[in-house]
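Single chain ahead, by itself, as structure tokens, in the form predicted on its own.
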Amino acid sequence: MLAIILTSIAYASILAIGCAAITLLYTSTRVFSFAHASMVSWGFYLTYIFYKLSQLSPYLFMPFAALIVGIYGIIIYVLIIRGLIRAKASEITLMMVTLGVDFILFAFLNILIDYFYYNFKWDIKNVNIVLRDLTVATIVNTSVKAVHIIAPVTALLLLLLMHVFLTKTSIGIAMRASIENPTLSSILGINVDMVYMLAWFIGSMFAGLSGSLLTMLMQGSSTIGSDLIVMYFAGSVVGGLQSILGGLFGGLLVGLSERLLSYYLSSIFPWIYAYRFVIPLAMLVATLLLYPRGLAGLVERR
């Protein structure tokens, strides 16, 4: 049972980081990004490829993988999103454009996978290095892996850093002002375009980091981001799309609920585990029907 709890906490923490990314992009630029799926997959594969090339600890390469995916976010914003925002495209239009971007990122990722297969004979269509993780302690015959500690600590640090960034730094305050009233912010001299670009960089970097951490928790293929995208969206909605910190807490809640509830229910009904994705979907629907503002809305109400 301890192993299930540790894995669930790590999984929920990784999910929370990705949920914060979706929320950040939506609150800052009103873009509900489907490209998030392939960004997670890119973070997952970049970490593995760096590890494969060097045979060093994958944790060493996670910041670099996240940084590369963050640069993808800047490129996407500059080439596509900025022009649409200036043309006052609707939220639906922006959302559908990110779906096309997701397909492009997914295609290039598979091209990269094929490149390594044909030139280096690496069959990396399915990645599994979970067993390479370090055991840092043993408690009641249960191995405590590095990811069980690193994932929650990383999520907590990001939570604290984002709070300090948004409330104590001039750039963070400018970002909050641009989110609430971009027109007034421009009049006051804030470069809203740079704020949006920064939001895309940070959001994409979080997505890449989430994918990077997943390499030490589960096996996956180039579709790992698409397989988990419903979890990320559910966590963002449950946490509240108007709050970045709410997205983090929403991801934690959805991740823990999905893992622990599916484990408990499968012990009674073994066949039910295959339908575990119903849990985050049910939470998403319930939030939209009962309180669309999510957890962040409840806090603001108090």
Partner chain sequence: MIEGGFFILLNVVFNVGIYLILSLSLNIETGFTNIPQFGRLTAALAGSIAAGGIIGRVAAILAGQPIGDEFIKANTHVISEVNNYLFANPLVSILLLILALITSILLGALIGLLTALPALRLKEAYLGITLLSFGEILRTFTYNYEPIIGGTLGVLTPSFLGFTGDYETITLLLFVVIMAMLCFAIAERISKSPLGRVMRAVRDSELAIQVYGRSVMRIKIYAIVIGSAMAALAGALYSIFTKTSRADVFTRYSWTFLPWAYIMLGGVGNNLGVALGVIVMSIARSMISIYKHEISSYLFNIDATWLEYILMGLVIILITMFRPQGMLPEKPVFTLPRDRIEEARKRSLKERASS
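Residue numbers count along the first chain shown, from 1. None of these values were measured; they are calculated from a predicted model.
What follows is about the form predicted in complex with the partner chain, which we do not show.
Legend entry - Heavy atom contact within 4.5 Å of the partner chain in the model of the complex, the stretch among 199-207, 73-81, 137-145, 166-174: Of the stretches listed, the one contacting the partner is 73-81.
Legend entry - Option touching the partner chain, based on a heavy atom within 4.5 Å in the model of the complex, out of 192, 217, 229, 162: Flagged contact: 229.
Legend entry - Single option in 124, 85, 97, 150 placed near the partner chain in the model of the complex, where near means a heavy atom within 4.5 Å: Answer to the contact question: 97.
Legend entry - Check all three, 104, 110 and 275, heavy atom within 4.5 Å of the partner chain in the model of the complex: Looking in the model of the complex, the three residues 104, 110 and 275 all sit within 4.5 Å of the partner chain (heavy atoms).
Legend entry - residue 241, heavy atom within 4.5 angstroms of the partner chain in the model of the complex: It does: once the partner chain is placed as it appears in the model of the complex, residue 241 has a heavy atom within 4.5 Å of it.
Inset, instruction - Using a 4.5 Å heavy atom cut-off, state whether residue 249 contacts the partner chain in the model of the complex. - result: Judged by the heavy-atom cut-off of 4.5 Å, residue 249 is well away from the partner chain in the model of the complex.
Legend entry - Exercise: residue 61 in contact with the partner chain in the model of the complex, heavy atom 4.5 Å: Looking in the model of the complex, residue contacts with the partner chain do not include residue 61, since no heavy atom lies within 4.5 Å.
Legend entry - Non-hydrogen atom contact residue 32 with the partner chain in the model of the complex at 4.5 angstroms: Judged by the heavy-atom cut-off of 4.5 Å, residue 32 is in contact with the partner chain in the model of the complex.
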